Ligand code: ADP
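Shown here is one chain on its own, the form predicted alone, set out as structure tokens.
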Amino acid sequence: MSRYADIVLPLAQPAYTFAIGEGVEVCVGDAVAVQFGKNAVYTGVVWRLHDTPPAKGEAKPILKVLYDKPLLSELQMRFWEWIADYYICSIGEVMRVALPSIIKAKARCEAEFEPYKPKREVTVNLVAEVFVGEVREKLERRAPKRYEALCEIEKAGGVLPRYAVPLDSTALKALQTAGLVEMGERDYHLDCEWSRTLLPKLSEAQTKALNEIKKGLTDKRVALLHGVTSSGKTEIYTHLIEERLSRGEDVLFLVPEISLTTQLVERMRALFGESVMVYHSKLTPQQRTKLYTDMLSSESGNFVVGARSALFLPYKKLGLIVVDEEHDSSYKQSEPNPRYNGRDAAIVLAALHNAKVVLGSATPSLESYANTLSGKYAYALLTERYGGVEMPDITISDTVRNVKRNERKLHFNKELIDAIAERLESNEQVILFQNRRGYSPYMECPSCGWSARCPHCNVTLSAHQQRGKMVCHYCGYSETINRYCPNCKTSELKPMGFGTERVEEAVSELFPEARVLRLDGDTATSSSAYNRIIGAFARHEADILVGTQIVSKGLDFANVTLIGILNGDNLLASPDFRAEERAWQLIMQVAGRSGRRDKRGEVIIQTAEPQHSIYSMIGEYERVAAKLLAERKQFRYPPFVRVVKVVVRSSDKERLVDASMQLGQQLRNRFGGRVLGPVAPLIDRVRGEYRVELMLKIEVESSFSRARAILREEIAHLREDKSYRNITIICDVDNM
């Protein structure tokens, strides 16, 4: 009887059936090489074994099995299936983000196809029996550098990686010829000896919170640690991590931003040793693949710190997942598919492994907080800062009043200018927050109103003065800044609004003696650049740090006593039901960078709407949550309904409108008033494609799995119409 395998490929396609040749042994989860299309050879994953031939055509054979053990475990496969089902995409799209690029190799033909082989490091091996007596003494007298290098190899046990030996190739060749060293190679390996140090001693409040979490996790899967900024949540995490590692279990510590991993890893390695693993998308393909294959070979006891992609690693015995800053929108993948939420996926992964999850935040998401109110999650509250440090004073500065009194200079109200001057006088540091990078959001002609727009997206180009460019923040298009209006050719273009670059310029003008650094997407272009900036500020090599919301995340500066939020209004201006929640969270997170030691901090928020209710509830999480949850319930938004945003895209605007109207009608026939749209979004063209959106709202009491199945059916039905072949339809579940 012929045997067949359904194989998942890293494509936006369903699994395809391939034939298993005579003598070929394959298991579910194996990585195999298969030909797909006329020439291309792909890495695929065996998903199912059976004896049913494909309905159409003849099945192509599996070319070869790539590794001596399966690439995926049964639990990993179930996790992939959940991701694909819940976030309405194919398993092939999950494979594209789940596996390191080298593992899912592709080639133009079978002859060119090579599976991953771990790189081996070149070593210098000391021939100990020769490096003795007269030879040793002679080298010490005549070639001290070579002698010292050989002594270093000797101290290391006789073997050192080539890169660690400070000798050029000529010197090494001479030592080889003399019989003193031999060149070898070995697999790159990680030192797995735990270098244990004492865990931090917890305060009375931290100990109480830790005990509440442990008690809550006895009968619940998830616990929410709600601790104000600088309350010492990380110290509590370390005690929970230690407990799991001592049992030989795996631990995953998730962070929302790659840039946060460096500081966190340093803290964890100080406690748990060099074997703390780091995994995120900025590692090289070789590094990611090495870590993945190392975990395939290890039994358990791995401690991984990483961004959301670390969820897809091959854990054997996962015991605990910590999701730090669980409220952060960076946990949600925006593109491409799967558009998954790392926090929510972590909870599902933990359930598959029978593990526990600790969510931590100073400003929990309303969804997580609502789950504590319903009793679904355990809850621990930490209201005091570590060491008894007081929370910062909050001042709301009225921008309109400052303008009327002629007290506003270069984007700064008088209160903030005076406070900065006072901190500089006291040799203290300041952080200025403006949630917009670049010099200004757009340049405008004062005579005719012309402004530069992106030719591919329906947005204005943002000015970046230092680069001399106007840039689209959606597709990356750029052009040289025009000094004079190309439309009327009479007036000089004026920058409208301000970004971090313009703030940096203004600060230098107002306080010429101050040392200023900027931290945003233009300066923190890599982890090393990010670390260089925050390292310099931490060493007080600068007095003022200007930044976007990067400055709100995970930073701890002992000498910062003032935070200036330059434009609170633009945080509330987003046409999004989460705008108030995010604005409040961001204000509190930024404010938390102030006064983290023995000096009380201050936060000054500049706004033209000082009467806005959000400002009257700064620091009062329960009041904010009660207000926003009541509004969400009234207007049918999460956590009381589940939301799917359906985005329809095409470069053909007329065809797009037809398709979206037809899809909207099909969905209304099935869901009735639960469907909103289609409507054009605020930015209705990106990268040359027009966009139309629909929204589907499903009550939490209803079957969301059934709703997703119906949505898939109707999208498939629309795609059957050949006139809509060039229409792209994307489902964003629980969009943020």
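Just count from 1 along the sequence shown to find any residue number. Just so you know, these numbers come straight off a predicted model, no measurement behind them.
The same protein also exists as the form predicted in complex with adenosine-5'-diphosphate; that form is not shown, yet it is the one meant from here on.
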Consider the chain as shown here, without its partner, and state which of T460, S650, S230, Q76 has a heavy atom within 4.5 Å of adenosine-5'-diphosphate in the predicted complex. S230
Only one of E581, E235, D294, E428 comes within 4.5 Å of adenosine-5'-diphosphate in the predicted complex by heavy atoms, so just point that one out. E235
Hey, of 178 to 186, 243 to 251, 198 to 206, 660 to 668, which bit sits against adenosine-5'-diphosphate in the predicted complex at 4.5 Å between non-hydrogen atoms? 198 to 206
Verify the contact flag for R269: yes if a non-hydrogen atom of it lies within 4.5 Å of a non-hydrogen atom of adenosine-5'-diphosphate in the predicted complex, no if not. no
With a cut-off of 4.5 Å between heavy atoms, is E140 one of the residues that contacts adenosine-5'-diphosphate in the predicted complex? no
Y386: heavy atom within 4.5 Å of adenosine-5'-diphosphate in the predicted complex? yes
Can D556 be called a contact residue for adenosine-5'-diphosphate in the predicted complex at 4.5 Å between heavy atoms? yes
